[in-house]
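Just the one chain here, laid out as structure tokens, in the form predicted alone.
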């Protein structure tokens, strides 16, 4: 499953209901796909312990099922889940206690893509009163296309500072993906498409202030 599919699903609210009883029941039903009893019991216990710690559990369940689909042994599944939970907990620390489950999961994906923790914090500071799931998802996708985390994060931050909406950033990401598929270098595609979005945004506040004087 691609990162794009993961964060798009989260945007639709899949992980946001992770604490609801019916959602827990749905997770349990999904775990029945794990045929090995020992592995299934381990995953169930790991997920429940993570839930008690306040860690979003849907990404952990998905990671376990991915491991099973790829015929990974129990040890590898355990290692993958432990590494993911570590990133999820780090993501929550960076985004704050009020961060939603889907936002935390998107931050964990960004960390897995080697986005520096400081950049995730800086992005959150630009939008402290709302979740930045889309922004983090777009960032992760851009990095996956070969753009350095620093370059991608700086562009996203610049657009956020100018008031770019989630829809505009999603369209930016789609356009970059299309350009890359046509053979354009990822960084060049981001620069081109980023300028296009920037041209649609109001000037910085400092410019507006200067013009009113």
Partner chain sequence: MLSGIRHHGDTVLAALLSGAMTWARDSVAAVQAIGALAWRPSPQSAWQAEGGVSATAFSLIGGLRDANASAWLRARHQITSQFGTMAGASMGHTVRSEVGDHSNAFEVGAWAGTGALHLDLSFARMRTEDSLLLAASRVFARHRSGWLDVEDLVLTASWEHGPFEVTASGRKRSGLRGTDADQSAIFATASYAFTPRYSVVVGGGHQLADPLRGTPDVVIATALLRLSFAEVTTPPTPGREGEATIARLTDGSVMIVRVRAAAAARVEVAGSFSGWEGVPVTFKGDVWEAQVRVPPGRHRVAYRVDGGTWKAPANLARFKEFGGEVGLIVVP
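Numbering follows the first chain given and starts at 1. Values in this document were obtained by computation on a predicted structure and should not be read as measured data.
Keep in mind the form predicted in complex with its partner chain is missing from the figure; the text below concerns it.
- Of the heavy atoms in residue 141, some are within 4.5 Å of its partner chain in the predicted bound form.
- Proximity of residue 149 to its partner chain in the predicted bound form: non-hydrogen atoms within 4.5 Å are absent; the residue sits far from the partner.
- By the criterion of a heavy atom within 4.5 Å, residue 30 is counted among the residues contacting its partner chain in the predicted bound form.
- Looking at residue 186, you'd find every heavy atom of it more than 4.5 angstroms from its partner chain in the predicted bound form.
- If you check its partner chain in the predicted bound form, you find no heavy atom from any of 38, 53 and 161 within 4.5 Å.
- Shown without its partner, this chain lists 72, 82, 126, 117 as candidates; in the predicted bound form, only 72 has a non-hydrogen atom within 4.5 angstroms of its partner chain.
- For the partner-free chain shown, 62, 63, 65, 66, 67, 69, 70, 71, 72, 76, 77 of 54 to 78 come within 4.5 angstroms of its partner chain in the predicted bound form, judged by any non-hydrogen atom.
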